[in-house]
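First, one chain by itself in structure tokens, the form predicted on its own.
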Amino acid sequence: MNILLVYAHPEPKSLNGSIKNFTVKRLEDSGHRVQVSDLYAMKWKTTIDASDSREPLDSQRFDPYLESQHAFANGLQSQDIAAEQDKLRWADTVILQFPLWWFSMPAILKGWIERVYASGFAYGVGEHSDRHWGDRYGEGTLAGKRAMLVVTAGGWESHYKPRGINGPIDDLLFPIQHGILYYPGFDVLPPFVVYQTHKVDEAGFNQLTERLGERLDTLSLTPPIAYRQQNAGDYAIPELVLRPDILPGKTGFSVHIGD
């Protein structure tokens, strides 16, 4: 299997660095082909601007959507963007690894998403009609591929429980898992989360890598999160609201997960 690991932590000697090294070795030892996009080591450019296209569409006014669409459609994207898109096409499975900073991913990883997920590549694709509202949420250019988050958090696991002060971890990760991964078509596997990172000693690291190793060994077998497909009948189109007969009276992120 071809596996792309997109890694976002600035310190190679950190716990994240050790987890990344373990992941690559475990996957390669199992016969997988692995590519790593180490964003800090690559000095990844985070911000979207006119330099992302070799021939900007409009020199007077920068429109991120139109410029992205134009550059992708005409082969004018900057080399770093095109290279990462090629890695996504190559990969059967994508792993995003990052520390949970301020309840989200580091800015450098968000910048990777914003620049690599060009219009025409990850969004803005497919028919828009009264029956089908674009190829997204279960469909799209990345459909048929798998994705998983490997996330570290400084807080206790209890802080991220349904009644924990930080909010449920599944809710915090929903915008990433559903909005960034499922949107362009990935089958999204349950995340692997490490808590209380500052408390992880050698014994704790051995325990977490044992658990992570089991997850890595079963990447192709683990059932994905059962997100509802946008165009499969659960949502009214074009309103894109869940049908009233499905979980009546219920709201929140969990209603977008089926049985």
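The numbering used is simple: start at 1 and walk along the sequence shown. These numbers come from a predicted model, not from an experiment.
There is another form of the same protein, the form predicted in complex with flavin-adenine dinucleotide; it is not shown, and what comes next is about it.
- The shortest heavy atom separation between L189 and flavin-adenine dinucleotide in the predicted complex exceeds 4.5 Å.
- Under a 4.5 angstroms non-hydrogen atom cutoff, flavin-adenine dinucleotide in the predicted complex has G155 among its neighbouring residues.
- Contact annotation: H198 falls within 4.5 Å of flavin-adenine dinucleotide in the predicted complex, judged by heavy atom distances.
- In the predicted complex, at least one heavy atom of F205 sits within 4.5 Å of flavin-adenine dinucleotide.
- In summary, the region of this chain contacting flavin-adenine dinucleotide in the predicted complex, judged by heavy atoms within 4.5 Å and restricted to 125-133, 138-146, 73-81, 94-102, corresponds to 94-102.
- Scanning F174, Y183, Y160, F121 against flavin-adenine dinucleotide in the predicted complex with a 4.5 Å heavy atom cut-off leaves one residue, Y160.
- Along 14-32, residues S14, L15, N16, S18 each place a heavy atom within 4.5 Å of flavin-adenine dinucleotide in the predicted complex.
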